[in-house]
Ligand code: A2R
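Quick heads-up: it's one chain on its own, the form predicted alone, in C-alpha cells.
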Amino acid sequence: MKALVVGGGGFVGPYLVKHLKEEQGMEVYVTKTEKETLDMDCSGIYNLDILELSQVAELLNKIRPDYVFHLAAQSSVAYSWKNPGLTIDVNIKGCVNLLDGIRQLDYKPRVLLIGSGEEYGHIKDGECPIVEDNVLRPGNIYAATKSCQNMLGKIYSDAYDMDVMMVRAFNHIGPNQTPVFVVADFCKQVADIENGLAEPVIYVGNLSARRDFTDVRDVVRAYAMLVKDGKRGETYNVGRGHAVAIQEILERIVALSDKDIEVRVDESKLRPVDVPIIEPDITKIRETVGWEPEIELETTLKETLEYWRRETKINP
C-alpha cells in the first residue's frame, strides 16, 4: 500500500513516515517545500508548492497513493497573529488544492486532514471534555483556518463521495519540536541554562491556560489507525483527554534540572486572546478504532529535555 504524506518537513512528518514504514509496512512518499531539506528513509521525497493546483494534481497522478495524510500547514498560533495572510493561504487554499486534486483522480484514496483542538476556541462552562460536534468558536487566526479546513473536508466528502476523514489534534509534543511551541521552548531554555548559554532565568507567557498534551508517537499511531478504519466524513479528537496547566508543565520541566531557575513573564510571549482550557473527549476515536494514548507525559517531557540538552551541546 502507498501512503503520501503532504508536508513531511515539519515536526510530525518524520514520526509519521517512520511509523507508516516500520509499523504498517507501507510504501511512503513525502512532500516538502523547496526551501526545506529532508533526509528520511522513504520511497520518495518531492518538492511541492501546495498553492499550485497543477503541481498537486501532477504528483497525485504520479504516485497514486492509497492513503493521503495532509500535514502541510502554518501551525503556529503565535505566528498566525503575525502573518494571517500566509496562514490563510497555506491552511485553506492549500487544503482546497489538495482536495480538488484528489477529486480529479479516477479512484478514491483514503484522506486524513489534520486539524487542531484550537478549533473549539472559547469553551463554555460544562462543555469540557469537548466532543466533536461541539460548537466551534475559534479564538485565533490559526484556529479559524483549521475550522474552515474541517468544513471543506466534510463538504468534499459529502458532495463528491470522497473518502475524507478529519482529526482535531490537540497539543502534541516530543523531541525535535521547534521551540516556538511551549514544551520545546521551556526545555530548550532549561538546556541553555544548564549548558551555560543563558542566565538562570526562564521566560514565559500565560501559565494559567490548561492544555491537553500527547506524545507525537501516540498521535501518529492514531493517524494511521484512523486513515485505515475511520468513517468517511467524520471528525475525531486526538489527545490524551486530560488538560494540564502550563504552570504544571513548567514546574515538571524545571524539576528535572538541578539548576536554580527564576521564572519571568515575557510580554512578547503573551497572545492577544488565550483560551483558558482546551480538553478533548476521546470516546469517539476509542470506540471507532480502539486508539488510546500509551506514553506518559513525564516520559515525553524527560525525552524532550534530553533532546535539547544534546542539541545545545552540539550547537552552542
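Keep in mind that this is a model prediction, so the values were computed, not measured. Numbering starts at 1 and runs along the sequence shown.
The protein also exists as the form predicted together with the ligand; that form is not presented, and the subsequent description refers to it.
Chemist: Scan 58, 36, 266, 262 and let me know which has any heavy atom within 4.5 Å of the ligand in the model of the complex.
Modeler: Exactly one residue meets the criterion: 36.
Chemist: Looking at 253, 282, 48, 30 here, can you tell me which has any non-hydrogen atom within 4.5 angstroms of the ligand in the model of the complex?
Modeler: Contact with the ligand in the model of the complex is made by 48 alone.
Chemist: Would you classify residue 13 as touching the ligand in the model of the complex, given a 4.5 Å non-hydrogen atom cut-off?
Modeler: Because a heavy atom of residue 13 falls inside 4.5 Å of the ligand in the model of the complex, the answer is yes.
Chemist: Can any non-hydrogen atom of residue 115 be found within 4.5 angstroms of the ligand in the model of the complex?
Modeler: Residue 115: contacts the ligand in the model of the complex.
Chemist: Classify residue 90 as contacting or not contacting the ligand in the model of the complex by the rule of any non-hydrogen atom within 4.5 angstroms, answering yes or no.
Modeler: Yes - in the model of the complex, heavy atoms of residue 90 and the ligand come within 4.5 Å of each other.
Chemist: Contact between residue 71 and the ligand in the model of the complex at 4.5 Å, heavy atoms?
Modeler: Although the ligand is absent here, residue 71 would touch it in the model of the complex, with heavy atoms inside 4.5 Å.
Chemist: Name the stretch, out of 231 to 239, 73 to 81, 204 to 212, 103 to 111, where some heavy atom lies within 4.5 Å of the ligand in the model of the complex.
Modeler: It is the stretch 73 to 81.
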